[in-house]
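In structure tokens, the next block holds one chain alone, the form predicted on its own.
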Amino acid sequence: MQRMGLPLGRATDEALLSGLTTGDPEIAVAFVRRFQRIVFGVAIAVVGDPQLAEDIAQQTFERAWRHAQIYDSRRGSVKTWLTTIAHNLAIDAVRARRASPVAPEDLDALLDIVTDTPEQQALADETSARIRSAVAALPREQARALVMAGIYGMTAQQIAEFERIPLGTAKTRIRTATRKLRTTLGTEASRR
């Protein structure tokens, strides 16, 4: 970094993350500037609310600062680690806001976000791309059930009532979608 003869802007992602632990405000600013756009992009893609997305982005950087010392580069890039934190915080925020039923068109919009929208450019990490692709390959009714259960945290009973289908059908859709997703992702992982 700057003190070692390398400008902060040219420091590696790992060096900036490691530098967060020093408490140097210049390093923190450089780190946030480098990743703020992608972190905000992930948050806004999931929550759809700019103010909430800003809050999530701030929480993401706070969490990164607190846990920088446990980052393991063998498990993925800094960008992947950071976007995973943002994605998980955004999902938690969506679940916390889930006070009213979800309109079907909102689910379709969410599925579109999860599948192939420009916002997904922000979710450029490999893992999210594989998951999006696997969800997009599911039959629409199974993908909807999986998103309702996985992202909105709805129970099978709530999904059955919402979709106006028998409880057993809702359970089958969730179970089948989950199994297909695991198989697809497991198959891809074994090919590497």
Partner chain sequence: MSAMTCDRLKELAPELALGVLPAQERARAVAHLDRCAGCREYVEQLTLVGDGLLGLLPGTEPPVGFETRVVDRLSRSRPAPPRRLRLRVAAAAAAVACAFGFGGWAVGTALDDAPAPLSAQDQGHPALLQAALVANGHEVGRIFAYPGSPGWVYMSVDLVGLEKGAGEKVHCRLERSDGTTVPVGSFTLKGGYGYWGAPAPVDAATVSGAQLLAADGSVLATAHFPPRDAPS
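Note that the rigid core is defined as the largest set of C-alphas that superpose within 1.5 Å between two forms. Computed from a predicted model, the values in this text were never measured in an experiment. Positions refer to the first chain, counted from 1.
Keep in mind that the form predicted in complex with the partner chain is missing from the display, and what follows is about it.
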Contact flag, Gly48 vs the partner chain in the predicted complex, heavy atom cut 4.5 Å: no
Proximity of Ile165 to the partner chain in the predicted complex, heavy atoms at 4.5 Å: no
is_contact(Glu141, the partner chain) in the predicted complex, heavy atom dist at most 4.5 Å: no
Close approach of Val29 to the partner chain in the predicted complex, 4.5 Å, heavy atom: yes
In the predicted complex: members of 156-179 within 4.5 Å of the partner chain, any heavy atom: Ala156, Lys171, Ile174, Arg175, Thr178, Arg179
Residue shift check between the shown form and the other one, rigid core fit, Val147 Cα at least 2 Å: yes
Core-aligned CA displacement of Thr12 at least 2 Å between the shown form and the other one: no
Large Cα move at Gln36 between the shown form and the other one, threshold 2 Å, rigid core: no
Cα distance between Ala134 and Leu52, which in the predicted complex differs by 3 Å or more from this form, closer or farther: farther
Cα separation of Ile85 and Met154 in the predicted complex versus here, shift of 3 Å or more: closer
